[in-house]
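Given as structure tokens, the chain that follows is alone and in the form predicted alone.
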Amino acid sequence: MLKTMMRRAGKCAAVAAAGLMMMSAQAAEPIKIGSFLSVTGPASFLGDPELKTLEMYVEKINEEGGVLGRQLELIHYDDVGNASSARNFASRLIRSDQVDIIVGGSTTGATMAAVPLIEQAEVPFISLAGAVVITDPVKKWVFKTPQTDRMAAERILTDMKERGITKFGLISGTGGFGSSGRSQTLEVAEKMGMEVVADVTYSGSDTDMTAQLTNIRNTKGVEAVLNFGFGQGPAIVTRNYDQLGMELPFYQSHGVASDSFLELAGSSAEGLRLPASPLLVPDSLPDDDPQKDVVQNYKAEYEARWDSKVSTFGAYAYDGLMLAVRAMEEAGSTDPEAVRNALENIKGYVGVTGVFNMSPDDHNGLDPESFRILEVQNGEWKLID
């Protein structure tokens, strides 16, 4: 009898030990952060700083003990700005790599190509792209860190109105970002009682926009010009604008909010305005601004690590990763549903891009006021509002 009881006790102990070993092994498995980014190709100015940001902060988090007692593993692919490649890589991240969460999608086109797969697989996804369509209407598993193009349009047109401008010309790119920005600008203008008196576009392959700008210049009643686009296009528009001697107030979108744009546009950018995060002017923020420390720290750490200037696009990745980490910590696990629910209920997260307040009706969590209006003065960004 005693021997039987001892054998049973031994078996129970062995089972318990095996269970503990399994739990320990499971706990030791890394948390997989998946990403597809436009690291090379025409949108590399987005994807390159995004990947560098993810790499350096995954390393930093791991050095500080990881998340939930586990290390983070970053699994990333370069979609070169191609929507089809983005969809294929999203599929690989989900099916082969079995990631816990995805932080990526440099462009709207890449993001939207991957969304159906991600929604079907029920994996939390934080996009780094700008168009309002990404989170409006709300998609259960999809979140984003940049302000929407609609917010950019609202911020720009509000600044125009404050300057007494009610009629303006619009020039936009025909790609996903420019096209969505154009649509949102037209809607916001109507809502605000403003008039778009000229509406022209350019393609990604255009190397001169003089004809489009001449069309705007010759339009009766035009009081300002807004260019909605990203990549090389806005720099060309800016140089052509200057070459034509146009002196109307000139605005760009948040799609070119970086020092690299100033380098491309040169002195032609003098006087233009755009909406951007405070990352480009961290020292101009008042000491009581809740974002000041976060913005200054990210800028200092990024530039020290990579010996290159920081950009607002890398900041989108910073906020995406930190929101993912916060959601997992609040969920207490990497269970997809629990992480998704935690993401949806994050309030008061102070990021580089803004202060995020997510909700079931808002998977972006920012408002137009998170944009600051900057102006180029003497070749540098200056905080206006």
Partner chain sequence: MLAEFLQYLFTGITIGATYALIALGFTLIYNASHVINFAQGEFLMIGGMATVSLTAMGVPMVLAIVLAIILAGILGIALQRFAIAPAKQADVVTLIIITIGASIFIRGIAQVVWGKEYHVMQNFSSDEPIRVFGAVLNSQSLWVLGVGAVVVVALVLFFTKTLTGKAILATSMNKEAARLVGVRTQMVLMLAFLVSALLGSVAGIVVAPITFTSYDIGIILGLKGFVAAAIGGLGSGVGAVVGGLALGIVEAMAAGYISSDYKDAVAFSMILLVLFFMPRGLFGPKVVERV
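In this text, the rigid core denotes the largest set of C-alpha atoms whose superposition between the two forms falls within 1.5 Å. As the structure is a computational prediction, the values presented were derived from the model and not from experiment. Positions refer to the first chain, counted from 1.
Below, we turn to the form predicted in complex with the partner chain, even though it does not appear here.
Novice: Are 40, 212 and 245 jointly within 4.5 Å of the partner chain in the predicted complex, each by at least one heavy atom?
Specialist: Yes.
Novice: To test your reading of this chain, name the stretch in 186-194, 236-244, 297-305, 221-229 whose heavy atoms come within 4.5 Å of the partner chain in the predicted complex.
Specialist: Selected range: 236-244.
Novice: Could you check which residue among 119, 259, 293, 208 gets a heavy atom within 4.5 Å of the partner chain in the predicted complex?
Specialist: Only one listed residue qualifies here, and that residue is 208.
Novice: Just one of 167, 217, 92, 140 has a heavy atom within 4.5 angstroms of the partner chain in the predicted complex, so which one?
Specialist: Partner contact (heavy atom, 4.5 Å) among the options: 217.
Novice: With the cut-off set at 4.5 Å between non-hydrogen atoms, does residue 203 touch the partner chain in the predicted complex?
Specialist: Taking the distances in the predicted complex, the answer for residue 203 is yes, it comes within 4.5 Å of the partner chain.
Novice: Does residue 264 make contact with the partner chain in the predicted complex, using a 4.5 Å heavy atom cut-off?
Specialist: Because a heavy atom of residue 264 falls inside 4.5 Å of the partner chain in the predicted complex, the answer is yes.
Novice: Considering only heavy atoms, tell me if residue 44 and the partner chain come within 4.5 Å of each other in the predicted complex.
Specialist: Output for residue 44 is yes: heavy atoms within 4.5 Å of the partner chain.
Novice: Is it true that residue 357 shifts between the shown form and the other one by 2 Å or more at the Cα, once the core is aligned?
Specialist: After core superposition, the displacement of the residue 357 C-alpha between the shown form and the other one stays below 2 Å, so no.
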